[in-house]
Structure formats: C-alpha cells, structure tokens
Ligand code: G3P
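Single chain ahead, by itself, as structure tokens, in the form predicted on its own.
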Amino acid sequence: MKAMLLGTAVLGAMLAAPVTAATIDRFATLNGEAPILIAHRGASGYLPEHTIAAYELGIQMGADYIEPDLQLTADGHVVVMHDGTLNRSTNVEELFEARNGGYAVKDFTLDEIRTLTAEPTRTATNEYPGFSSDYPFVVPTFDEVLVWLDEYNAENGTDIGIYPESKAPYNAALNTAIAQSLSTHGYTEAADKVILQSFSFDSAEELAALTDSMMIDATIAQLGSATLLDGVFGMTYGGEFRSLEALAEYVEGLGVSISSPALGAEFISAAHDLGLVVHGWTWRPTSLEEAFAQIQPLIEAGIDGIFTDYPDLGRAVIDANMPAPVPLPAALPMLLAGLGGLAVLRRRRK
C-alpha cells in the first residue's frame, strides 16, 4: 500500500504546533470507535474534485470513505459531478455552446462529457507534492469509480468504503441507476461499506426501498440541517421538516450541515438514542490549528463521521484523539502512518 501523504508544510506544523486534543479510552460515537473520515469530493482541497486522482489522494491521506456526487447525463448514464451544471469544475465552455441557456449535465451526452477536462476549484491545483496518479483529470462515471475502488482495495489490501450522493431534486431514474450499478459491480454486502445519501427526503426513502428489494446491504443517510422544532429534533431541507423518529423508520444515518444551529451534543445524543449515526459536512480548514478548532468540539460531542476537503488535516485531528502508547506530540509521527478504516455501526431496517 502506498504511504499516506502529508504535505511538508502541514507535517512541519503538526510537529511544531501544540496538540489540543486529549487521548480518550472511548469515543462518544454511537459505536464507541473513532469517527469515520470521508474525503469530500476526494481530496478536493488539493486536486480537481471528483476525479479518480482526487479520490486516490484522499485515501492516501487517511480517508475511510470517498464521496462521489452523482448526476444523470442526457443519454441516461450516471456521472460523478457535484453541480447540476458542468461549467464550474470543467472546461465545457471552451468546447461547447450553451444549451437551454446553460451547461446542465442533463443536456450533454456521456460521450460529450468524456471530452471535458476537470479543473481545480477553491484551493485546489493540478499537482500535489510527492503524489502522482495514472488517472487524468476527467469526469468519471459511477461505474468507473466502483471498478477502480474495487481494484484499489484488492491491490493495496485496503477496505475503503464509498459514500455516493443521489443529487437533489428527487430523480427516480437516477436512484434506480445507482442501485443497479451497485448490484452489477457486487457492492451488495455490509463488508463493501456503502453509504447512500441524498438531500431529498423522497430520494432517501426510495433508496432505502430499492436497496432492500435488490438485497443491497447499504446504509441510508438523510442530508440536511439539524433542526429543533417545537422541542422535537429533526432534519430540514427545502423547507420540509422530518423528525428523527420519522427518519429512523427508513434511514440509519444523518448527514448534517456543520452550520446547523441545532447541531451539538444534545442533537447527536438524540440521534444515537434512535440508533442513527451523525456525519457532519463540510469542514474546510486550511491549517492544523483551524482543523482542531473546528473539528475537535464535535468529536467531543460524539460526531460519527467527518466530511472534509482536506483529509490529511481531518485525519490528524481524529488520530490525536486516539489512545497513544506515548505522550503527544511525540506520538504524532506514529499517528501519521494512518490507521485502518473504521466501519459505522449498522442498524438494518425491519
């Protein structure tokens, strides 16, 4: 397995900066284990998002899961793209005229999208020190990512999971295609570590039904904002509110915006009481100091998973909370070697 990568500047900061986390015997997560680390759109703070190279870098930085956002093309193929449009993260405007007033994914065929180059956004560039990949910066299909991840795990002896998102608004054809791809490529057992998510309440409910009917043992997570309404905790998206009790009828997890006013120890405890894991999105610290300041409070509150564009920084915070045989920060170089993936506690629907 390739060694986990960490930029020289970040490594220096970790060895020099004081560590604010204290090691503990047991996390406050639902299963008592460390929170899972999800590479948000891959290591998208460093390389063009949703490229296989970005996923590969995220894994080498210590991610337990990679997260592909999924959209349907004009000819019905599932491609990995966060936005409903192509122009923010690709060079589509250089190659094609606008269609129907824009560059919607649904207005372009797979063959057309294959001609595009994925471009860096935010703090990303086209290079990361010490890292190289055999994969160009292009838009992959969901099938291609599944095949690549299976081969990567087999080749490297890893157990990296996948956390696909069926993008809102609700799209029955997209949900069916996602489930079919998982089935076709053999991602059907709990050991395959599949977590399916959506902001659409209808999509999450439908994905639960689809995976049950197709014998796919996947966790379903509802995305949204943690909300306390009339004394009842729940999730809100698009002006709709559903209580945690109602959501627990068909999901096992919650993907919660870290800007949610209600997100904290009380909300997490209420979710845990119903057997629901809580994953927070999206942390974007650009220094180790920021990472500890932003992430540590929710680790202490019991968060079960961390979405971040900077997996190396997220891994540093999580690992600094792990029981260590020597005092920190002397243990940091050992922690940087990375720890194995940690599975979320699964609660199957009746």
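Counting begins at 1, following the sequence as shown. Fair warning: this is a prediction, and the values are worked out from it, not measured in the lab.
The discussion below concerns the form predicted together with ligand G3P, not included here.
Of 288-296, 312-320, 37-45, 58-66, which is the one stretch near ligand G3P in the predicted bound form, taking non-hydrogen atoms within 4.5 angstroms as near? Stretch 37-45 is the one.
Please run the contact check for residue 197 against ligand G3P in the predicted bound form: heavy atoms, 4.5 angstroms, yes or no? Looking in the predicted bound form, residue contacts with ligand G3P include residue 197, since a heavy atom lies within 4.5 Å.
Does any part of residue 272 reach within 4.5 Å of ligand G3P in the predicted bound form? Heavy atoms only, please. No - in the predicted bound form, heavy atoms of residue 272 and ligand G3P never come within 4.5 Å of each other.
Using heavy atoms and a 4.5 Å limit, would one call residue 27 a contact residue for ligand G3P in the predicted bound form? Residue-level check for residue 27: no, no contact with ligand G3P.
Give a yes or no for residue 165: in the predicted bound form, does one of its heavy atoms lie within 4.5 Å of a heavy atom belonging to ligand G3P? Looking in the predicted bound form, residue contacts with ligand G3P include residue 165, since a heavy atom lies within 4.5 Å.
Check each of 207, 78, 223, 277 and return the one that places a heavy atom within 4.5 angstroms of ligand G3P in the predicted bound form. Among 207, 78, 223, 277, a heavy atom within 4.5 Å of ligand G3P in the predicted bound form occurs only for 223.
Using a 4.5 Å cut-off on any heavy atom, which residues of 240-254 would contact ligand G3P in the predicted bound form? Not one residue comes within 4.5 Å of the partner.
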